[in-house]
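Here's a solo chain for you in structure tokens, the form predicted on its own.
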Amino acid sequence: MSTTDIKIPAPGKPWQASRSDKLKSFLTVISAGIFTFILVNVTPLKGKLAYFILFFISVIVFEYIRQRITRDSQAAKDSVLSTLSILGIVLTLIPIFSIVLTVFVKGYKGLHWQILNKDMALASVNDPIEAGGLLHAVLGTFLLVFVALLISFPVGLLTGIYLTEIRGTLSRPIRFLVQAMSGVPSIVAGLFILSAVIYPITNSLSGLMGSLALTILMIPTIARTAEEVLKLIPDDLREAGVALGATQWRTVAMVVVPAAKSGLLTAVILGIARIIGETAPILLVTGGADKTNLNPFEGSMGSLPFYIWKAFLTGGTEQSIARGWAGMLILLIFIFILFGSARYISGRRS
């Protein structure tokens, strides 16, 4: 006796457009593009901006008419809102893609095989591209961020724990201060370290001073992200720890914080991405050395933002401009890696 396999069709998704709807929408866009081309050529409206505006207006009108004829007025109104939403997305992506493309097109010209193995101790920004590199700037940036992270992460984590677990009488003013610090201009952080630490105490520029300035900018990001992450931990875990006889601090340290480890790691990455490209405080307090310095407590220290600023300001030649764009490209790659890591970690299950 033979059995026949019955293939059960996959369940449909009624909220997704069918192939025929996608084809009709595609033809509508093509028709709007042709109409826009004709309209720009027969009217005084000229230029890319005219094409852009008239094209979206044409898409809205054509799609509204099509939906009104084939369906009903509600579908036509929905098509208008959908097209406006797409317009908003495009307007958001245009400057992003423009910046990335510009940095890549102009930055790759300043790259060479030894760029990460040499510093600028024996070269200037106006020398040929092969002379010198970004070793001092890359290492300096990593050291500045690392020291700032050593200070910011414990403070930010303890702040998030206080706001979510302790919830004492100071919760409201602390939350207000954290939110206020999030909007502090970066140059204010540099000026604060300059006037409060360098002039009255150390009287010297160093990598540590730069890390302190970056710490002021990094703490709010870590604290706010840690607070939101800890809020996502179910209260059942806290209650279970207390029911087993653990004190509150042991429950937080051994149950709550480990449960939120992926979110806290995301907070760290977002904090690093927040400060890695900061320029204003670095210019004021680090000194911006051209020689590799691995001691953040003594002597001036270079960084990628300072390198980029110096290449554009003190050069003016083709070589210096190429160096500046190359440094910008490497810095942008680091930021993309950090944000990509944050997205991966936040989307991964603990």
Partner chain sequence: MSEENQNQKAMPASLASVAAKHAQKQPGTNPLGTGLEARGVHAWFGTKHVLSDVTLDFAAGTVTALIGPSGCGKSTFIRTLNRMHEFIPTAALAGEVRLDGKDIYAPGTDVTKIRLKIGMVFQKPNPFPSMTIGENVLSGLKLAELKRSNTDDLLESCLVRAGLWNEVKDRLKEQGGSLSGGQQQRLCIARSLAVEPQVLLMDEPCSALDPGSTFRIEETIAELSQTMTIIIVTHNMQQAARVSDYTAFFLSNDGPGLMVETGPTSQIFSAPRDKRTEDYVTGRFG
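Quick caveat, the model's predicted, so the values are computed rather than measured. Numbering follows the first chain given and starts at 1.
Just so it is clear, the following notes concern the form predicted in complex with its partner chain, a form of the same protein that is not shown.
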Would you check, heavy atoms only and a 4.5 Å threshold, whether residue 215 touches its partner chain in the predicted bound form?
no
So in the predicted bound form, is its partner chain close enough to residue 236 to count as touching (4.5 Å, heavy atoms)?
yes
Spell out, yes or no, whether the shortest heavy atom distance between residue 250 and its partner chain in the predicted bound form is within 4.5 Å.
yes
With the partner left out here, check for me: in the predicted bound form, does some heavy atom of residue 254 sit within 4.5 Å of its partner chain?
yes
Out of 128, 245, 168, 185, which one falls within 4.5 Å of its partner chain in the predicted bound form, going by heavy atoms?
245
Among 155, 181, 240, 174, just one has a heavy atom within 4.5 Å of its partner chain in the predicted bound form, namely 240
Name the stretch: of 215-223, 75-83, 258-266, 98-106, exactly one has residues whose heavy atoms fall within 4.5 Å of its partner chain in the predicted bound form.
258-266
